[in-house]
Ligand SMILES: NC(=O)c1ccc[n+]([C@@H]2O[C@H](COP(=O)([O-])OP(=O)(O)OC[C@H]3O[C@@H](n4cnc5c(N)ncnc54)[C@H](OP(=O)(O)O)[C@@H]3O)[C@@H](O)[C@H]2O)c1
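Have a look below at one chain only, the form predicted on its own, in structure tokens format.
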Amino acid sequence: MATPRPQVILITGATSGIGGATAKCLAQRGHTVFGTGRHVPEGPGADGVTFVQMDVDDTASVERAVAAVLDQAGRIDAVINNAGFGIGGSVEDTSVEEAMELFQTNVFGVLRVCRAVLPGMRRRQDGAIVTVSSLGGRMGLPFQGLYAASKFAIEGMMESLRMEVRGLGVRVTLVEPGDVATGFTAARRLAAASAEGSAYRAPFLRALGQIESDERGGVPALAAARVVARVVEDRDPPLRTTVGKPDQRLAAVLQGLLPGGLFQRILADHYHLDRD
């Protein structure tokens, strides 16, 4: 296999989980890696990764971080949009304010980063934008409705962007993980109204227990990181690449083959929605 050409790569949300594992993996493969986080000491860190402060919720912060990388490295060959978080709770129990906070990071954060790096990539007629989505961006999942909605939005944005830049030398790819064993599980926020008194309390707790069990038993972050690294180095990547346990990846295929009602019954059974 040919040695991949060294790239300057910017990764958002690179302090832990898939982002942290990806940053380390790419640095080990000889790339110049800049990782971002909201509260990181700037400068060289462990594993050959240089850290830059960036809050993807703040346009000025994103622009400052991108400018800092350009000052140090002269270019950005690839950006990996990885920053994001999850929220659990029924659609009804999730307030508009909670949903807006989620979209501010998961959707508009991606938009801010893309808008900041695209001018340089267009000028150079070369670049890659890899966005970490989710298999939940392909199908609605119970009590993760707003999280799924944020990933659905990312999927549509990246599909559109890929067509818009197809003649400009910029490659756009979605990586869709299933369950990955990371700190994402512990960091999940719960809708305030999902507490005691919610009409959905019992099925929500059953589903949440299954969700957390699936995540803890998911593939390691390094498995997802290797897929992201492979996509970044691919000069002709696909629009979508999945990663995760075989049954979860198969579900994304079956969704398009099975009748909608049957597929939802399978999901409902998995998440114990019909039990007393």
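The first residue of the sequence shown is number 1, and the count goes up from there. Remember, it's a predicted structure, so these values are computed and weren't measured experimentally.
FYI, the form predicted together with this ligand isn't displayed, but the following is about it.
Stretch from 158-166, 145-153, 72-80, 90-98 whose residues place a heavy atom within 4.5 Å of this ligand in the predicted bound form
After filtering at 4.5 Å, what remains is 145-153.
*Is it true that V130, A223 and G244 each have at least one non-hydrogen atom within 4.5 Å of this ligand in the predicted bound form?*
No, none of the three is in contact.
Next item on the list: Verify the contact flag for H39: yes if a non-hydrogen atom of it lies within 4.5 Å of a non-hydrogen atom of this ligand in the predicted bound form, no if not.
Entry: So H39 counts as contacting this ligand.
- Just to confirm, S194 within 4.5 Å of this ligand in the predicted bound form by heavy atoms? Contact with this ligand, no.
With the partner left out here, check for me: in the predicted bound form, does some heavy atom of A187 sit within 4.5 Å of this ligand? Although this ligand is absent here, A187 would touch it in the predicted bound form, with heavy atoms inside 4.5 Å.
P119 within 4.5 Å of this ligand in the predicted bound form, heavy atoms
No.
ask   = Among V180, V172, C114, V107, which has any heavy atom within 4.5 Å of this ligand in the predicted bound form?
value = Looking at V180, V172, C114, V107 one by one, just V180 meets the 4.5 Å heavy-atom criterion.
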